[in-house]
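Quick setup: the structure tokens below cover two forms of a single protein chain, split into structure 1 and structure 2.
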Structure 1
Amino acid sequence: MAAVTDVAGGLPDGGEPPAVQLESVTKRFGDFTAVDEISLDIEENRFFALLGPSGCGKTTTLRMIGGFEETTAGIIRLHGEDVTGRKPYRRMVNTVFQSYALFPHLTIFENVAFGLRRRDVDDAEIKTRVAEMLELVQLGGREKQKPHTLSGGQQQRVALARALINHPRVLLLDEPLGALDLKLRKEMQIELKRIQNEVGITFIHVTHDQEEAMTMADTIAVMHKGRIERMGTATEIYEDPQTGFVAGFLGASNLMQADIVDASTGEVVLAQGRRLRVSPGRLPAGEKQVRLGVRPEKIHLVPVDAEIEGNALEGLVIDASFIGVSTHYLVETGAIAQLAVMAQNLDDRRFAQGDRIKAVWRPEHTFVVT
């Protein structure tokens, strides 16, 4: 994963400063705090995602990095240089917006060349560099077309080429795929990651789409109410979300209250005396109660009289929905109002509404949230 910390300051192991460093960065609009003392380091050549719902502060954070919003407090450094308060054009960053912001009257060539012409680069170099960029985004041969003749995905690639041609050291992506349909969005997720790998610079990507962040990012920061609530790789965050908000936002989770019986063995007890086990290292020291979580796809259903090992809750199937690759169940167990289960359709054994079953999962698949 990217070497990202929740306390800025200091250098990564190689001695080079992070590509982006935020130190206690805060943004207030009147009495409203949009970003609340965020600190993090993002290494060079990483694909970093700021993920969260609308209003969580992710776009405001991106805009402060780009210089489009001034900080209320805190320090922003780019490659070790304090750029707090510096205008956008004096930062080695470029931004790609959801709206593309292409010039409709210019050809694709001139749209991509726009930044070079403003810097008085000579025509021969412009021609070479535009050709290289269009090849990078797989639009070679489209130089003479106008933006309206391209699909949404192709227009977004032009916007990327235009942003990258000036060799920014950091590329900011503000929900760049939000205007695309589902098929194009999935294609562009793969393309964005490919392009980031090829150009070798830091991408910081803002999105509310969990799958988009998990598909592309080396590191994800999940934001909630102006703060970073959880940060790590997609696998780390999904398997151990640590908070109830993250557990619910990044995928679906079954959450249940439990009393700790023996922290050394991981034994806990739910309502009605039903005992489960958790990996002992996940139980907080000194606590008497915890909230447990388990993902729906980690649970499998067996007949109620089956002999099993691991955690098990007996219950009644109250809904079964076949959706092709899997069947989604809701199970009433008494210990938790409705237990959601997602079972892959690997065989012909399925359960129906009204069946008595056991819901079974491994203790190590149980996580603890605050």
Structure 2
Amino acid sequence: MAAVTDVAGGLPDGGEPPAVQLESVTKRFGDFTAVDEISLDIEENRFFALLGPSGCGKTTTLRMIGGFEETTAGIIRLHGEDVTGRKPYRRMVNTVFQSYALFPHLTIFENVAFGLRRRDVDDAEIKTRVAEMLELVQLGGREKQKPHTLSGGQQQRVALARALINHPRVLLLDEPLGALDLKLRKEMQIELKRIQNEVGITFIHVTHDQEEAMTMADTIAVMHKGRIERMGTATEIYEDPQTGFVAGFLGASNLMQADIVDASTGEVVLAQGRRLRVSPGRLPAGEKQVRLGVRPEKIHLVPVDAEIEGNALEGLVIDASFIGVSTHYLVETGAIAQLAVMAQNLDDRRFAQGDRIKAVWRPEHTFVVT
């Protein structure tokens, strides 16, 4: 069992190789392509989130990294070492399964000690390490209990301890918080982040919950239909989603079709001749038409006769709902049927259904999607 080896794989140029590297990794089930030529590098000590709707191929990707699913094509490297065909028990990664997969016939102690026992760590060391690890996940004193006597959140932490105790170089988590209720999920998000900081291991966290991904991850990859559509920090992805899918999956957006008038100044025109401006760098070169987006919270409403710099669309408030921290409006403009606007309830005036207003936002808050 001592076959678990660490190979100091270095890149030819001497730089530190990424913790996980996928190169055109593809997985087909029969005719169906679940993962479609994914390439990505995940650096050491990252909290990396794989975010996407159900069925987009997140679990399959994770299972290929863990070795539970064979790749149809492509190469998987862990710290520079090609592990593509290698069995799971010979990879220095550990997994926290969605269903936790705790061994029901073993005590909490033996569950956590399982990986160490397979590697012939001696009893005294196992004892101290299990105790330390249970302390880390705040389950000290539960050693002798069986998994089924613990609550969902506690089982989740045992699963985490059972994986982390092996000091894997990469930890894979498949929707680890999916089975918990909202309050516990919020707590565990913070807890997981704390543990990741403490142990300094690369976490790859699969989730379909955009808020969870944004709360925890340094880097988010948004998956859609087996491909990675967008990768970056939460802010980068949110502020410039680049595709219509990402814009809609992360938060809400107003999307509109526009013709480019002058790419160098960023001037575009909507239907009915409404002119808007976009940061010039964002307009694709050589295109005539683009799709623009703007987040509801970036838009302000002002009285229709106000003189305002920036992008402005005149319209009619067709719905206004006060929800405490903010007021949500739906505005009918000629160019866009229903513009969603979210206004913080500061001291400025609120509008009511039927008011004629101007919806304004800054040109740099306009993004372009394909």
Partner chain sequence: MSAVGREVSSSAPTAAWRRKLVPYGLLLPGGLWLIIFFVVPMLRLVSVSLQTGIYPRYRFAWAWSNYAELVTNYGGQAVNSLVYAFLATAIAFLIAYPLAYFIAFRGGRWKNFLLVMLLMPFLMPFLLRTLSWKIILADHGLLVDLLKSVHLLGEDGRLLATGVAVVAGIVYNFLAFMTLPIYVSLEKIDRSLVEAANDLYASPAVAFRKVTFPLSRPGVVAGTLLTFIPAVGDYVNAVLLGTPQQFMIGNVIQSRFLVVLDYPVAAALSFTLMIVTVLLIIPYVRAAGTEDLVA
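All residue numbers here follow the sequence of structure 1, with the first residue given the number 1. We call the rigid core whatever largest set of C-alpha positions still superposes within 1.5 Å between the two forms. Model, not experiment: these values are computed from the prediction.
Subject >> Of structures 1 and 2, the form predicted alone >> reply: Looking at both, the form predicted alone is number 1.
Original post:
residue 143: with the rigid core matched between the two structures, does its Cα shift 2 Å or more?
Top reply: Indeed, residue 143 is displaced by 2 Å or more.
Subject >> CA of residue 250, rigid core aligned, shift of 2 Å or more between the two structures >> reply: Residue 250 C-alpha, core-superposed: shift of less than 2 Å.
Original post:
So how many degrees does the small rigid bit swing against the big one between the two structures?
Top reply: That works out to a rotation of 13 degrees.
Original post:
Once the rigid core is matched, what's the CA displacement of residue 105 between the two structures in angstrom?
Top reply: Its alpha carbon moves by 5.2 Å.
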